[in-house]
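Just the one chain here, the form predicted alone, laid out as structure tokens.
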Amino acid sequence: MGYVAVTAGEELIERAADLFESQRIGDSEDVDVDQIRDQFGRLTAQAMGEGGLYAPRLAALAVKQAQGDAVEAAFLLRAYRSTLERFDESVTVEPSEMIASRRVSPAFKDVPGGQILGATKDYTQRLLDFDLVDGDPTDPTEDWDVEDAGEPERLTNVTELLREEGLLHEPTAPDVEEPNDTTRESVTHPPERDEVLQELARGETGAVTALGYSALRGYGQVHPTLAEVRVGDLPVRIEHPYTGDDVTVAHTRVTESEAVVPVYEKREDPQFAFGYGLTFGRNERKAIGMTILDASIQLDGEAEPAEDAEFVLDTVDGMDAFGFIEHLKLPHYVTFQSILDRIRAIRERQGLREDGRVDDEQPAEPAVAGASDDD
């Protein structure tokens, strides 16, 4: 690396930051953090998932500070998370304990527990709603006559039905006693599946979607059927310090996706392969992308990008991509001057004029091979 310090001075840098903040304020009223949390839940969910920290109000603050840049907001959350002390670890919970507010199964029409459409506009036309320009605060459900249905039913995962029939191939269990916490220990390749799922859960939504899409477009062997997609609240439990009993201290909103892949033609025992995805907040697109990538990586192929765990995990992390792409804005004066000098020297040795033609009075020399501009 050949960076040099920015010579504009601390005052100019502070003024540039002030201008950035001024752009956020503008001429309109300041947006409250609670408004962002309540009305931009998808955005805060993306920031929480990629930041690896479930904190809706902090995510709203990060989105406000980042002026709506989800990756920047995730960066702020991940940086804040790194300053927090770890007091305890929660008890593992089963996804089947989820209190689902939405559950759809494209695989089975009459799924046990029923389909729960929940809040969605998946089946409506994507047209701009100009009524929102005036900010109509009317709740269209306020006149609904809703009866109290009692305690929510615990839903059986659709894939459990396939497991009971022996139709689902179980992924190989990691040969480890405890899962590696990838927020503390770097991933080494080849990664265990728990590491893959952790990294995908913190992956950048767009990258996970794009690589999952690549498999569907033919750059892979996985075209799954979604067993179900669920959105709901999972309990967070800790062990009571005195009684030792598990105590529910909070709930986290998550999105879960499970998919089956018909790869039976490649196995002696005809079974479905399996892909899984779970992420903070409501982010169905990312959860589905995770299932495709999880199933693809289990194939352990080398020819297709989505099946190469090292390629996928090194690409989907938004913080890594964000940093490496945006570092190009930093001063590269020294390295660029070196490249300029090298190219000018080559042209001079070849006798090239400004118009690209060879100067007849100077014999042309062969180009120098192997020139590198790696900075």
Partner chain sequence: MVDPYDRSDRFELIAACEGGTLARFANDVLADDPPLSVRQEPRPQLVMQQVREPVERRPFNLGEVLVTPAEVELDGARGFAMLPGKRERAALSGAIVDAAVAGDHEATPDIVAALEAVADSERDQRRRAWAESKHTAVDFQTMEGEE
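Note that the coordinates shown come from a computational prediction; the quantities given were computed from them, not determined experimentally. Positions refer to the first chain, counted from 1.
As for the form predicted together with the partner chain, it is not shown, yet the points below apply to it.
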Looking at A210, L216, V93, A79, which is the one with a non-hydrogen atom within 4.5 Å of the partner chain in the predicted bound form? V93
Partner-free chain; cross-checking the partner chain in the predicted bound form, the single residue of D122, D131, E185, D148 with a heavy atom within 4.5 Å is D148
Looking at the partner-bound form in the predicted bound form, is H240 within 4.5 Å of the partner chain by any heavy atom? yes
So, A73 and the partner chain: in the predicted bound form, are they within 4.5 Å at any heavy atom pair? no
Applying a 4.5 Å heavy atom distance criterion, does A227 contact the partner chain in the predicted bound form? no
Do V33 and the partner chain come within 4.5 Å of each other in the predicted bound form, heavy atoms counted? no
All three of A55, G113 and V254 touching the partner chain in the predicted bound form at 4.5 Å, heavy atom to heavy atom? yes
Within 76-92, the residues having any heavy atom within 4.5 Å of the partner chain in the predicted bound form are Y80, R81, L84, E85, R86, F87, D88, E89, S90, V91, T92
